[in-house]
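In the form predicted on its own, a lone chain appears below as structure tokens.
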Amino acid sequence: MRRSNCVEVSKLEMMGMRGGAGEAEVKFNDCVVGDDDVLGKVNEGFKIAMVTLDLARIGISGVAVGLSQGVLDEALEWAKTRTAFGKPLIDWEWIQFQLADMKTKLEIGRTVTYKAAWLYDNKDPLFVLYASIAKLYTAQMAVEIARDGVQILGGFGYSKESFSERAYRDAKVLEIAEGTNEAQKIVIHRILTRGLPEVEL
């Protein structure tokens, strides 16, 4: 049995990730559902939600790696073809250092994301820890790399014509969605001090 009109949906206009299905605030007002509407086992919804969240954190990390790779590709191409004060940007040491830092962060992020995914595929409960480590690191990484990409591109990087501008807006939500940076730190700390939670894989 369902009570009609018990769900309120309010569409939200977001800063980034504007090419997807969209975001909305959802409110449930005195909703009643019958036994046929239950997914999974009664009173185990929170456990299911937590495993789903852990897996989604690996997905978010993949998004962070992809965005960062796009930014690095654009910054590298720009640095090779753009000149400043009579020589290509790529010949300036500061640009070389920025690109080297971006690449280093990206490869660390890619590696920890792959490890988290590998642990999940191999039904290793450690995936819970590595999902949070990957999510925390890559979300911060994506924001930093996008910021650096915009900086290298200068005025063009701040324009809607650049990939880095969009990536900068998109990357911020990665520090919020599927658990904030602070939530990941709590998870990591709890596992360090209390051990892994019981997880059914």
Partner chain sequence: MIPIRHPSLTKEHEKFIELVDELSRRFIEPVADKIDRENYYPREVIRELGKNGVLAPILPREYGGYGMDVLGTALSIEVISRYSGSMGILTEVQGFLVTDAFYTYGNKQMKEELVPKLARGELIGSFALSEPCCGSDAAAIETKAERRGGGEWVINGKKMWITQGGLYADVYIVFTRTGPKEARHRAITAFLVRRNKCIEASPIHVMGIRGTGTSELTFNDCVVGDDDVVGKVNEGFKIAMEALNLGRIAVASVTLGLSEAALTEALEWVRNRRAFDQPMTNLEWIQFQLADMMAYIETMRSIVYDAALHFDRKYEDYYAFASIAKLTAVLLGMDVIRRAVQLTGLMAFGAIVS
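Source: prediction; values computed, not measured. Positions refer to the first chain, counted from 1.
One more form of this protein should be noted, the form predicted in complex with the partner chain, which is absent from this view; the next part is about it.
Considering the partner chain in the predicted bound form, the lone stretch of 67-75, 118-126, 80-88, 95-103 in range is 80-88 [heavy atom distance within 4.5 Å]. Contact between K47 and the partner chain in the predicted bound form is not found at the 4.5 Å heavy atom cutoff. Though the partner is left out of this view, E175 does reach within 4.5 Å of the partner chain in the predicted bound form, counting heavy atoms only. Contact check for G34: no non-hydrogen atom falls within 4.5 Å of the partner chain in the predicted bound form. At the 4.5 Å threshold, heavy atoms of E165 reach the partner chain in the predicted bound form.
Counting a residue when any of its non-hydrogen atoms is within 4.5 Å of the partner chain in the predicted bound form, the hits in 154-187 run G155, F156, G157, Y158, S159, K160, E165, Y168, R169, K172, V173, E175, I176, T180, N181, E182, K185, I186.
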